[in-house]
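Quick heads-up: it's one chain on its own, the form predicted alone, in structure tokens.
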Amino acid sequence: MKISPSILAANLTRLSEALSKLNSEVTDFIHLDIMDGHFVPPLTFGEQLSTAIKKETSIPLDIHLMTAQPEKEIPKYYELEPHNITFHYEAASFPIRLAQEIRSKGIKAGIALNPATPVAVLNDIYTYFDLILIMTVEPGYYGQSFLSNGMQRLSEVMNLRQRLSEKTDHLPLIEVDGGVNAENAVSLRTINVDIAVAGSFVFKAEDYNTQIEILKGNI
């Protein structure tokens, strides 16, 4: 399982220092939580700070847009050439069109589902996406606990991928975001989740890389 530390949980006033502590051989991605104060209550940062992060690290960027109008925000991040740009199903009027636009730039397209959104909504749009992000907390704030229905929903999406893999070779990555820690990481690895986002668990510790290795099951 790959790990994508959420930089929002770091001390943003000492961003360069935080990024320098992440070993690129251990850290697979850096998760950027872009919040607009509309789709979710908080307002975090946008393309300017994201550009500064890009300049400070060679680790691929995992961009997660929690914005009310993703079609207006997505183009701002093309120049950063991130690994993926993920937007929310609940916020998009034309998710397939957006996915096609992102992919046309050579960037992986991701779709995120809030905890109350049925996994079944993926049935008709599955093949247009390279990554499916399952939220295991209500989006907007870091430091929340993993919701009790989180593992069930992840199992549902893994089963969906298994069923559809019998009809297509397309296998999008499955990512989980919210309340990831050493205990539930064991279960996440067991069901073959591809990427886990971790904020507080990584950045509230002294040694970020050790925390990441714990989540990967290497320690």
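Numbers for residues come from their place in the sequence shown, where the first is 1. On a predicted model such as this, the values are computed, not experimentally measured, just so you know.
We do not show the form predicted together with D-xylitol-5-phosphate, though everything after this point is about it.
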Even though the partner isn't displayed, in the model of the complex is Ala198 close enough to D-xylitol-5-phosphate, meaning a heavy atom within 4.5 Å? yes
Report whether the minimum heavy atom distance between Gln144 and D-xylitol-5-phosphate in the model of the complex is within 4.5 Å. yes
Classify Ile63 as contacting or not contacting D-xylitol-5-phosphate in the model of the complex by the rule of any non-hydrogen atom within 4.5 angstroms, answering yes or no. no
Exercise: Met158 in contact with D-xylitol-5-phosphate in the model of the complex, heavy atom 4.5 Å: no
Picking from 133 to 141, 96 to 104, 119 to 127, 75 to 83, which part of the chain touches D-xylitol-5-phosphate in the model of the complex when contact means heavy atoms within 4.5 Å? 133 to 141
Heavy atom within 4.5 Å of D-xylitol-5-phosphate in the model of the complex: which residues of 31 to 67 qualify? His31, Asp33, Met35, His64, Met66
